[in-house]
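Just the one chain here, laid out as structure tokens, in the form predicted on its own.
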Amino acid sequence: MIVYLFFVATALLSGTSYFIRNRNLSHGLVFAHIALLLGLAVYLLPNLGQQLDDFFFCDQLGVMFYIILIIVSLVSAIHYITFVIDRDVRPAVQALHNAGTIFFTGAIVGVLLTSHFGVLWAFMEATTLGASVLIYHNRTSESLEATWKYLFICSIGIALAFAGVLFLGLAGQQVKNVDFTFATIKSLSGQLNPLWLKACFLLVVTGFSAKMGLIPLFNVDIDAKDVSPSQVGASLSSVLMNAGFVAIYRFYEAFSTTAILHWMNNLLMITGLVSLLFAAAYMLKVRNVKRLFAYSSMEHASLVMIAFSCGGLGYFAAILHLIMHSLVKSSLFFQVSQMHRIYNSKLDENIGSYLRVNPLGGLVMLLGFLSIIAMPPSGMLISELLMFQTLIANNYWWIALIVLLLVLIVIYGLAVRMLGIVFLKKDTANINLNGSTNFESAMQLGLILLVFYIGLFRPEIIVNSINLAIKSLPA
């Protein structure tokens, strides 16, 4: 009942926000929704590991990413207050954005907490609608083009995923009294036709690739992050990517006890490798900082798929990597907004001396860069080392070498742009020195330092939570 009340309250807040033109009250409704998220968390944590009703449950994986959602949503809401003031956003645009934010966040919650494949698909479709509203925020021709592309391609992806669910239904016709809950499908998956299960998983991975930023539907994700406000790019690169992973994970877990396990691992490995190849190639030529971070997100989504496909320790590495990537990448996107306010440009050739112009913001950029390339003491070093360890343990030496080469190319592409932005001297006569906001940068720095803390101390609560989340998967 509590979960349903949350969704009803979310719908009411989203609908009300659309009609509110008072700036402070509009922001207040977003924070009211964050308070609802916190309240639901208070209800969920004591019920960890339990089925809440026929359609929702409270498992370790969903709760971990739910906490990440709260953190990113809070920082994003604070960031948008400054964004509105700086850009003099019209009240009607702000109202629509905040309504879309609440709707989008609520849809993510549904993806994370549902225990039913049909409901999962419905909530994932809802994220497309919510994200489209956010992408169109700036009302430019570029944002309009990116929005309709996102709607069109994601709708195709969602249709493919729906076809996957239909194939699962066809497979389920062989068994009496089957429903679409995760637990039921997993318990009966050994009795289902492997061909239908393969078709289902292939279509699901293809359909949800737009959410994770993987091949074949990654382009709309890149464009969306480029033209939308930075706080939207932060959400697409963190909480939406996590939701896409959770959706794929649910199908993988349900089929993991069947004969297609090895086939699924191969599919995820190929998806990860080809996506990593595309990310590395694009990052060598991209000059737009937001697109640079978008392709960086594609790289890390690829590493997650590669690690996960290895099984065993790779499951742990994949989830740990997603958690830390969410914190680092969102902080970098938030910082880009300040950078744009100062230089009025997203092109690296127009940005320089950032550490001198905005010392705290420059520190965020520098530490964020070191974190994202997995330099010590970043916790991302741990997850990437575990990935390579798993590849080698499975005798995937040649794959490990390919991944290492592509990661080095990505690091080179990032280093050339990021170090130039932070240190390279540029003419700063025409920049807006009032564009920096230390309070925002301090929040972003806090997210990055949290990743450093995880890398240095490996908190037991995170290690145990991930182990509990993957305990049902094959060793």
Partner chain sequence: MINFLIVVFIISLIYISKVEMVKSYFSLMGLQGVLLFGLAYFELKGGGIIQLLFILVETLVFKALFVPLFLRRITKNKIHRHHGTPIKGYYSVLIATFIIVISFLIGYFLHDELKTEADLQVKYFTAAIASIFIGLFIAINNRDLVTHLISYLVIENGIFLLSLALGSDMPMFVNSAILLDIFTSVLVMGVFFNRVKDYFQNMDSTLLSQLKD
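Residue numbers count along the first chain shown, from 1. Since we're looking at a predicted model, the values are computed, not measured.
The protein also exists as the form predicted in complex with the partner chain; that form is not presented, and the subsequent description refers to it.
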Would all three of E125, E145 and F152 be in contact with the partner chain in the model of the complex, where contact means some heavy atom lies within 4.5 Å? yes
Using heavy atoms only and a 4.5 Å cut-off, determine which of P216, P377, P359, G169 is in contact with the partner chain in the model of the complex. G169
Heavy atom within 4.5 Å of the partner chain in the model of the complex - residue from R250, K198, R291, R341: R291
Just checking whether V286 would be counted as a contact of the partner chain in the model of the complex - the rule being heavy atoms within 4.5 angstroms. yes
Mark Y295 yes when one of its heavy atoms lies within 4.5 Å of a heavy atom of the partner chain in the model of the complex, and no otherwise. yes
Flag Y136 as yes or no: does it have a non-hydrogen atom within 4.5 angstroms of any non-hydrogen atom of the partner chain in the model of the complex? yes
Given that the partner is absent here, does S187 sit within 4.5 Å of the partner chain in the model of the complex, heavy atoms only? no
Just to confirm the contact call: exactly one of 320 to 328, 231 to 239, 377 to 385, 113 to 121 touches the partner chain in the model of the complex at a 4.5 Å heavy atom cutoff, so which is it? 113 to 121
For the stretch 208 to 243, I need every residue with any heavy atom inside 4.5 Å of the partner chain in the model of the complex, listed N to C. D223, D226, V227
